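Here's a solo chain for you in structure tokens, the form predicted on its own.
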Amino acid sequence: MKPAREKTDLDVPDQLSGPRRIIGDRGDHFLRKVEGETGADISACYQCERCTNACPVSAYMDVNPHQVIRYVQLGWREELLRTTTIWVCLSCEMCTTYCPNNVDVAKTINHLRNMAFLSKVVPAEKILAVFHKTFVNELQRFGRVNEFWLMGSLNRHPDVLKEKIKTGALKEELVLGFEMFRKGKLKLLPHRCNEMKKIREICRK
């Protein structure tokens, strides 16, 4: 059996392989929709790739940040919602900071993540998708995130618990949690924010 060939920068992403498509065959409806909902000037992107070069986790993405923007321009909604990129993104906003045309790449990816969350598309990163849902739920409960309650809620999910037991991650988290508690870095009781109504309204939007 031949060893698997390492991927190079010249390799074509899976989403682009297969039959050729005509550029613009889906119109600009999706582009206008995303621009209208995010306020990001996605049409201004000219694919300089500075966002991808600035991204600290681009090596773990199946579609790079500059390609995400191009996909939106082309109207490739389904391909975007099935990527690992929208879940791997750290929302650190390095991509947005380095964009010469002020395209809000981070906001666009976050918006796509929310679209995937509300759609019926099976997420490429199931555990990260569960984490996203759990984080938002905890935020709506208390207005701020308590690490102890957040991880407790996350680990109660059957798929997450099974995976963490299998990989040994649960044991590592318990050890780390105990050390944080011993040093006074982990609070067991959550504190509710005074602006709960505003925060819930933001989450709803």
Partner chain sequence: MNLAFYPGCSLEGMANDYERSITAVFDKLDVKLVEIDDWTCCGATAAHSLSETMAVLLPAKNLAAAEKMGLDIVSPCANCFNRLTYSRKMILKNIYDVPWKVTGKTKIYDMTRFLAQPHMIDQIKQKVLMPLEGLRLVSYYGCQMVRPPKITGFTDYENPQTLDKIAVALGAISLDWSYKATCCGASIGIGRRDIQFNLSTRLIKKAHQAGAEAIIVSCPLCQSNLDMVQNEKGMPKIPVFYFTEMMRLAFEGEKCSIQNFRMHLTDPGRLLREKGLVK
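Each form is matched to the other, and the largest set of C-alpha atoms that superpose within 1.5 Å is called the rigid core. Positions refer to the first chain, counted from 1. Quick caveat, the model's predicted, so the values are computed rather than measured.
The discussion below concerns the form predicted in complex with the partner chain, not included here.
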ask   = Is Asp28 one of the residues lying within 4.5 Å of the partner chain in the predicted bound form, judged by heavy atom distances?
value = no
Partner proximity in the predicted bound form: Ser91 to the partner chain, non-hydrogen atom cutoff 4.5 Å = yes
query = Is Val57 one of the residues lying within 4.5 Å of the partner chain in the predicted bound form, judged by heavy atom distances?
reply = yes
Arg113: touches the partner chain in the predicted bound form, heavy atom cutoff 4.5 angstroms = yes
note = the partner chain in the predicted bound form has a heavy atom of only one listed residue within 4.5 Å, and of Leu176, Ile165, Cys48, Ala44 that residue is Leu176
key: in the predicted bound form: members of 120-151 within 4.5 Å of the partner chain, any heavy atom   = Glu125, Ile127, Leu128, Phe131, His132, Lys133, Phe135, Val136, Leu139, Gly143, Arg144, Val145, Glu147, Met151
ask   = Does superposing the core leave Glu35 with a CA shift of 2 Å or more between this form and the one not shown?
value = no
inquiry  = His157: after superposing the rigid core, is there a C-alpha shift of 2 Å or more between this form and the one not shown?
reply    = no
Arg70 C-alpha relocation of at least 2 Å between this form and the one not shown, rigid core basis = no
